[in-house]
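Consider the single chain below, provided in structure tokens and representing the form predicted on its own.
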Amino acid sequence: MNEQSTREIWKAVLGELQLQLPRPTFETWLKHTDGVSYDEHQFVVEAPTPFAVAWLERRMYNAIQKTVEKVTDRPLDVVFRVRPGHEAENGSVTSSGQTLELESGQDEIQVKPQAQPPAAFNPKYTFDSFVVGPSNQLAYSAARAVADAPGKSYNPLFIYSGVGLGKTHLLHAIGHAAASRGLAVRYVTSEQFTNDFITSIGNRTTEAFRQRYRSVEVLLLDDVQFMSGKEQTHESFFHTFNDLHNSGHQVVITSDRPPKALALLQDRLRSRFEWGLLADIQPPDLETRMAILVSKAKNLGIRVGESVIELIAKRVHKNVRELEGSLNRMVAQAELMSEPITVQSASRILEELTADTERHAIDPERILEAVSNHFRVGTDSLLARGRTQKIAHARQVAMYLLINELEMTPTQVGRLLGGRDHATVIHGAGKINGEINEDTHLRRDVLSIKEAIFA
């Protein structure tokens, strides 16, 4: 495609994204990007730094891919790369921080391992900024041991916890420590791994894909639960894991549940995850929550009274993300109103946040209702034994959402949906999970249902 049309398409994409995103997010991460080329398979976007590439891949991929698809009216994978001029010496830097070198007389590009630059990891997520308490001591200590001696012990290290308790923080901390010592590190979400794998198949670059992932000394895989049900991706990661482990290289994996509860993953993958150390992170106790808030306030450069800290810590106890979000909301309110943070103002804001949370709480019935409305089938039909193609498909989407949004087990889902056995649920949810990245219509259906659920 000609360069002008690519530029015009990306300009339209940026226009759409500017309406969707907060201004600071757009100005920081998207304003200085360029759409440089596209074909029938992918759309290539250049960003100014490796850190920007990593951030866009991690935080913005779904929104950007969806908007590109809308503007071009075709399913395209979005590929981010560093803008020329930021190349490594004797080669070009990929988004993983590796160097692509073409030696004299060589027909194919070989991937030479190189340490992912510390800038590719969130600068706030270090071991020094991680507040340690009884609920996370094991995971923290294991992560430090892995960072100090990758591949020597606790290999693999499998960290699991609920949302917002520090799994990703520890992965980035390991990445910082390993990269600072010159080791070849790659941090990737399971979604990125899946997308890279699918792209390599479409572009017939599977050998480059294998080299990219198997040449590193430390592989950090975040949110492995989202790989559930994708059989080909399972196969690829199984061989990647074996290759790295047999070479004495470190693998660190995070999940929202322990391996035995990942019912949609292959048995052989689950068993390998249990070879090393399983470390869970529990919600922090009151003292740890208060320490987290004090640390956050210090980083923000503000003074918050002990009574306010204690109030927040007592009222917000689900996860660290909600703790920090509550404090951020109070700081923003205080700055906008030019008033100090008091117990009274903090209490008022916490009540508003609690009301928002309760209003957006979801339960199984709400998911079933949203699925029924979207596919125009009765809720009773999802629970009955009907096997028409339309009802069966709607039921499988419901299985997928119940497992992924509410973290229900296949057995629980089976009981809810008319007493079906867990194998049927695993097959149904796995089918949707395996097709959602490739089937544009299915992806749109699921997104529409999610919007209805969380409306």
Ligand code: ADP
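Each residue number is its position in the shown sequence, starting from 1. Owing to the predicted nature of the structure, the values given are computational and were not obtained by experimental measurement.
We do not show the form predicted together with the ligand, though everything after this point is about it.
- Interface residue among 343, 149, 337, 163, judged by heavy atoms within 4.5 Å of the ligand in the predicted bound form: 163.
- In summary, among the residues 239, 83, 321, 144, the only one with a non-hydrogen atom within 4.5 Å of the ligand in the predicted bound form is 321.
- Heavy atoms within 4.5 Å of the ligand in the predicted bound form belong, among the stretches 203 to 211, 124 to 132, 300 to 308, 344 to 352, to residues of 124 to 132.
- Using a 4.5 angstroms limit between non-hydrogen atoms, residue 168 touches the ligand in the predicted bound form.
- Although the partner is absent here, residue 296 lies within 4.5 Å of the ligand in the predicted bound form, judged by heavy atoms.
- The shortest heavy atom separation between residue 269 and the ligand in the predicted bound form exceeds 4.5 Å.
- In the predicted bound form, residue 136 approaches the ligand with a heavy atom inside 4.5 Å.
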